[in-house]
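What follows is one chain in structure tokens, specifically the form predicted alone.
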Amino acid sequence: MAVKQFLHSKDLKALALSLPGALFIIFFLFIPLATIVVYSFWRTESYTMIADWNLNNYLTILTTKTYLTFLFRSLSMSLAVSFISLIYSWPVAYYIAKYGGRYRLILTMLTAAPFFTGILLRVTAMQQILGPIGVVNMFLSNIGLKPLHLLMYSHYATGLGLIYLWIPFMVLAIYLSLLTFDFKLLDAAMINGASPLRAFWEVTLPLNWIGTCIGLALVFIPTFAATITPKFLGGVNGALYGNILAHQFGSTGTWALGSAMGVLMFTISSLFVFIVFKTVNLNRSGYTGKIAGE
């Protein structure tokens, strides 16, 4: 009887629905990640992995100036890109959610229009805009001004390219959060004497902070791991941590060191997500713990 009840229970249905996703995560996330962690304690000789357990790879990364330079450069780039994307995305998402009306879906799709093409094509398009003979510098030359060399093969170019690539993620995360937001709360706040800025800071932002945190995570993580954009827009002197990591699995063949660099990247990304989501106050965000309709 107990077995029959279990076979018809909600727990079994929930297990059956969640099992495919759980197996996918186990085989394509946890197992590869565990393998990388193991390799990070080994060493590489002549493109061969040797199970010599030690911390030398981590010591190399944390004590070598070159690796630390690329690490902090990528970290600062990720923070800057996340912050600029946040400042840009909030007004865009707010306008679409509040004033978009029946065109909200179309406007949201337009913000994601760059994703209709591959990342390589999008970065190449940025080259045609920012390059020495790109649209911007050609316009400046035509009006008698000097070209801006910092727009191409520099960290500025890399930053602009990364902002261009990941802003749609930030806009979408904030927009989806605003879809369930009652804008009448702002009217109530202003009736009670709050300025528009204060109403936003004390009502809109706290109630949509979860969506903002999701957007920050969706921008920070791919920026920290970026390889293609720095390579094409940053040039030789614009390499980031992801480029050096990829190099370990390519021409140098130092997989053990590359694995340690990957573990460090994953750790920093996880720490960033943890810190960001620790700022979330579920009660202040309007979360009651109850499912709608209960």
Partner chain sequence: MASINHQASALKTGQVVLLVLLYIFLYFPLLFITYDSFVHNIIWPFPPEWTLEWYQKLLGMSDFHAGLKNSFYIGLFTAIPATLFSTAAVIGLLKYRTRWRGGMILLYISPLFVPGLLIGISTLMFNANVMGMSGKLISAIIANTTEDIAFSFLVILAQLVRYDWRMDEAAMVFGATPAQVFWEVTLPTIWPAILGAFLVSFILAFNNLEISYYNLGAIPTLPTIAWGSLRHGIKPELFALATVINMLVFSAIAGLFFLIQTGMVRFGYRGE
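Note that this is a predicted model, so its numbers are computed, not measured. Numbering follows the first chain given and starts at 1.
Just so it is clear, the following notes concern the form predicted in complex with its partner chain, a form of the same protein that is not shown.
Residues within 4.5 angstroms of its partner chain in the model of the complex, judged by any non-hydrogen atom, belong to 118 to 126 and to none of the other stretches in 70 to 78, 201 to 209, 118 to 126, 181 to 189. Every residue of the trio Ile31, Tyr88 and Leu105 has some heavy atom no more than 4.5 Å from its partner chain in the model of the complex. Interface residue remark: Tyr58 is not counted as part of the site for its partner chain in the model of the complex, having no heavy atom within 4.5 Å. Mapping the unseen interface onto this chain, Phe24 counts among the residues with a heavy atom inside 4.5 Å of its partner chain in the model of the complex.
Residue contact check for Thr35: one or more of its heavy atoms lie within 4.5 Å of its partner chain in the model of the complex. In the model of the complex, its partner chain sits within 4.5 Å of a heavy atom of Ala246. If you take 230 to 256 and check each residue for a heavy atom within 4.5 Å of its partner chain in the model of the complex, you get Lys231, Phe232, Gly242, Leu245, Ala246, Phe249, Trp255, in sequence order.
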